[in-house]
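One chain comes next, on its own, written as structure tokens: the form predicted on its own.
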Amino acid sequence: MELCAQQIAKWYHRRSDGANRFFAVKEMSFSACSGTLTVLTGRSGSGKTTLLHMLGTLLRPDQGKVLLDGRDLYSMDDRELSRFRNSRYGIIPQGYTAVRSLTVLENILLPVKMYGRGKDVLSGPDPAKQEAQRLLLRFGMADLSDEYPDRLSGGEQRRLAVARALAGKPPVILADEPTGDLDDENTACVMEELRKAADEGAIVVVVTHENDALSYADYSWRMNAGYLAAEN
């Protein structure tokens, strides 16, 4: 499987007549294949998150195409694209996005239950539930499965988001600063799990300011003022 961006760009108009455009991401191409972990680095405002959102079908590019296994993702309508995203992507956002009315375990399994997938995932043996419980144990949160998000620290909410993205073993995982609130030990745990997902065949793309993440990567790119340049 290959995730491929072909000559994509994203801009915003700064004047009502559209005479002046600010390019968040300047025309570029990018690809990542199954079984690899790619790290995107760069200063804040360089376009990393914008690029990740376009790859993740969360932000439509103003130019170019994004393809997954040859399928033009933005040729789908919103409903079809939402279903496709749910079935193919695990996305770790930069902020806290847990549903406050659901427990930690329910939050982690929510993507698996959507659109009729895994309706009985909370009862009986189920691969996603078993993986969720494994990840909670791995992240030191096994005793928090029945807690609600407002009782979690920032670091615990970050690890919840990582577990939610990984539990269903999606073929594409996009992570935006997944270790931003974590200490060294938990940072290593998260990066090891992302590396594990890649080793098991997923496409993993990580946006980060952490230089230590480069040691887990197969490929690394640096963004600067909307431009993308390969580092190795």
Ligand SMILES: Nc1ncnc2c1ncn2[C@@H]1O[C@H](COP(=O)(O)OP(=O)(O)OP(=O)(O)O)[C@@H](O)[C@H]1O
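Since the structure is predicted, the reported quantities are computational estimates derived from the model, not experimental observations. The first residue of the sequence shown is number 1, and the count goes up from there.
Only in words, not in the display: the form predicted in complex with this ligand, which the text now covers.
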**Report entry** Candidate stretches 39-47, 192-200, 26-34, 161-169, one within 4.5 Å of this ligand in the predicted bound form by heavy atom
**Finding:** 39-47
**Report entry** is_contact(R14, this ligand) in the predicted bound form, heavy atom dist at most 4.5 Å
**Finding:** yes
Query raised in the report: Is D181 one of the residues lying within 4.5 Å of this ligand in the predicted bound form, judged by heavy atom distances?
Result: no
Report task. Give a yes or no for Q130: in the predicted bound form, does one of its heavy atoms lie within 4.5 Å of a heavy atom belonging to this ligand? Result -> no
Query - H209 within 4.5 Å of this ligand in the predicted bound form, heavy atoms - result: yes
